[in-house]
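Encoded as structure tokens, the following chain is the form predicted alone, with no partner shown.
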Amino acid sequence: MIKLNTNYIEKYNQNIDNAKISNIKEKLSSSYPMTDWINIDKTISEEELNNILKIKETILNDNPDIFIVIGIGGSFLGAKAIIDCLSPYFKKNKPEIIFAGTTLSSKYLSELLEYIKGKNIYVNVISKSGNTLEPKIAFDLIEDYLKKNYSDYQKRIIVTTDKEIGSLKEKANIEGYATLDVPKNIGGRFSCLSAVGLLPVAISGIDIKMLLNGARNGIEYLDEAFTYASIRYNIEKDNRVVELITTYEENQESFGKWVSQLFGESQGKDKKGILPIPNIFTSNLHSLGQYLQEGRKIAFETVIKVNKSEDIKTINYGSSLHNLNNMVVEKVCIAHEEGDTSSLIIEIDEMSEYTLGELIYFFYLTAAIGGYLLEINPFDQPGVERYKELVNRELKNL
């Protein structure tokens, strides 16, 4: 269940013209470009799902120590968000999931290559073209390590890339690597419920069928998504141009980063859109919380509240710790509202595969609807392409 608590910002929940809503709903049909994510059966077919589960079983039967996921942006953030949200803090099951190709840090990659020595390793490299700089550098180095240290290196590499073209597809064909397909009609930031995200999630032990079942039910929250998108649309008109995506659980930080990419890349165009920032409370209450309370009135917050969780009794406070945490959620929102910073609470029953699938789909809908309300294309990213052009031009001079 997803519930919007709009008590704090009713003044921004203004109705959108019915004709505009009808037009947006038409654009959300899966016949439009880059909208196959709307239909989960187009996002991932039964055949693809079974192939992912088969690859998972083959890998896990070899009892690997480490599974390395190589990708950047939408090629890793969604999978990492799901894994972090649904994994325990301290009990780490094998294999250890490690992400690479997310930065150009030489320190990280050199230490990673040292760390994996002597371990049983499998790799999933994810890139539509194979030419994106960060994952290409990481994959070149890790593939070279595998070739030098494993006679069976081919079986240890799974490539998720374009079905037909691209340098990574060509390499996979030459080397005989197993492949999964990056969907053609889904952008990277909308792809975590496709083969792009599902293999790493499955390897981590998460039930991907239940995750997908939750996403299928996410369309039930279309009205709530329109409400949330219209609130963001109207609050931006009030010059509240910064949104803190706030969670009260450390293992949900990656989810906040994924939402920030989804909103930022989908709506930050034509000098429009809200700047989304992932935020963890109560950790940041003495920093960002202070700013929200008494700083410039340029921000608002969206709070993800989990109603039920594994719990523990406190010693001196007459409440379980999770109930205490959620009491703080409510009181912080009241305090911020008194300081003229609006808060919107998105409540879910619990953090499970099913509810997380619903929540992911809900944010998909909101990102797309919000882009259409701004009269921009929520599925392109010309600003990202521009920095790549400049980097690639310089690389030719090296």
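The shown structure was predicted, so the numbers you read here are calculated from the model rather than taken from an experiment. All residue numbers are counted from 1 along the displayed sequence.
From this point on, the text means the form predicted together with 5-phosphoarabinonic acid (PA5), which you will not see here.
A.B. asks: Which of 269-277, 82-90, 185-193, 292-300 has heavy atoms within 4.5 Å of 5-phosphoarabinonic acid (PA5) in the predicted complex?
C.D. replies: Of the options given, it is 185-193.
A.B. asks: Between 95, 256, 214, 73, only one gets a heavy atom within 4.5 angstroms of 5-phosphoarabinonic acid (PA5) in the predicted complex; which residue is that?
C.D. replies: Partner contact (heavy atom, 4.5 Å) among the options: 73.
A.B. asks: Pick from 260, 234, 102, 132: which residue has any heavy atom within 4.5 angstroms of 5-phosphoarabinonic acid (PA5) in the predicted complex?
C.D. replies: It is 132 that has a heavy atom within 4.5 Å of the partner.
A.B. asks: Is there a heavy atom of residue 128 lying 4.5 Å or less from a heavy atom of 5-phosphoarabinonic acid (PA5) in the predicted complex?
C.D. replies: Contact with 5-phosphoarabinonic acid (PA5), yes.
A.B. asks: Taking 5-phosphoarabinonic acid (PA5) as it sits in the predicted complex, is residue 243 in contact with it (heavy atom to heavy atom, 4.5 Å or less)?
C.D. replies: So residue 243 does not count as contacting 5-phosphoarabinonic acid (PA5).
A.B. asks: So in the predicted complex, does residue 381 come within 4.5 Å of 5-phosphoarabinonic acid (PA5), heavy atom to heavy atom?
C.D. replies: Heavy-atom contact with 5-phosphoarabinonic acid (PA5) at 4.5 Å: present for residue 381.
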